[in-house]
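For reference, the chain that follows is the form predicted alone, supplied as structure tokens.
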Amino acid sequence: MSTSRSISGSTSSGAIERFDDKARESFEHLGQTTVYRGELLRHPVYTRVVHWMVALFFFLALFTGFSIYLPWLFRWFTPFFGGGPLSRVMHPWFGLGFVVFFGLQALNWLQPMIWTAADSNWMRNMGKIVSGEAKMDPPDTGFFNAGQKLQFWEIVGGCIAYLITGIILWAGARTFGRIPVAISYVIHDISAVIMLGGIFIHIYQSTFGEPGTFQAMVRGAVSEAWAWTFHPAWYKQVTGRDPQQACEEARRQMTTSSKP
């Protein structure tokens, strides 16, 4: 029978540099993260709440944006937001909410998102990883891999573009002139398409691409097998065990238990 224990966000401080400890402690009082035997704490309550708020405001901004820029195709979205005029009013506020919450997420993850030599090594092995030829990520892959970091910094750039172009579009041609507004429309739309493509990849990777990832943002915990497979260096940092040896030991136990 599995045993469980409640682990606060401060317990994981050795695994990832945290921002705003007081806010995280407050969120931990509102909920708890239960980690069962054979699992590791991946994301505390604060991180999960911020992540889902980012996702919520992204899709709200996306759907209202679609109804504004392509009304002939996405006009069926507008009744959910009170009609076309109200969708236009709400869109910049949804976009602002997305930028604010992603700003909190960026502060929370800034340190582990810094590019390192391990990430360059991951990129060199990306073909084998994506194709499934490599059964485990490179041994030096830490809390985040290079693909996750690339998407993080792409969203950082996208948020900056949204904020600048969004303010120009919000204020209009009377404030900034027609040419800056026209350029902002193009940059705003291109940034949205790029980010949407990244989100599709993110959804695929967190569900089918790397099974077990989705529960990290729902329950906050992942299996040890998931950790040593996709983030070996982080697994070793948290447990002190060699990921390759842990994997081989698990295989031996499965082989032994399957024998009559």
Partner chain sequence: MADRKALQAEMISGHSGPAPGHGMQRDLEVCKLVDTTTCIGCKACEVACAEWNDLPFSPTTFDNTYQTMPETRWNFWNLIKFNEHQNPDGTIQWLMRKDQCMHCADPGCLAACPADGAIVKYANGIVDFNQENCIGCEFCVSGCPFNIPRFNPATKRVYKCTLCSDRVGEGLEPACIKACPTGCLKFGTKDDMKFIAEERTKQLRDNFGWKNAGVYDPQSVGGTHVIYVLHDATDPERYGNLPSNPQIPWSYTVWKWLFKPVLGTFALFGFLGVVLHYVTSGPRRTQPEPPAKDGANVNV
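Given the structure is predicted, the values throughout are model-derived calculations rather than measurements. Positions refer to the first chain, counted from 1.
There is also a form predicted in complex with the partner chain; it is not shown, and the following applies to it.
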query: Contact segment among 147 to 155, 68 to 76, 94 to 102, 109 to 117, judged by heavy atoms lying within 4.5 Å of the partner chain in the predicted complex; finding: 68 to 76
query: One residue of 226, 63, 234, 57 in contact with the partner chain, assessed in the predicted complex (non-hydrogen atom, 4.5 angstroms); finding: 226
query: The unique member of 123, 167, 160, 134 whose heavy atoms fall within 4.5 Å of the partner chain in the predicted complex; finding: 134
query: Partner proximity in the predicted complex: residue 30 to the partner chain, non-hydrogen atom cutoff 4.5 Å; finding: no
query: Contact flag, residue 201 vs the partner chain in the predicted complex, heavy atom cut 4.5 Å; finding: yes
query: Non-hydrogen atom contact residue 247 with the partner chain in the predicted complex at 4.5 angstroms; finding: yes
query: 4.5 Å heavy atom contact, residue 210 and the partner chain in the predicted complex; finding: yes
query: The partner chain in the predicted complex - contacting residues of 189 to 207, heavy atom within 4.5 Å; finding: 189, 190, 193, 196, 200, 201, 204
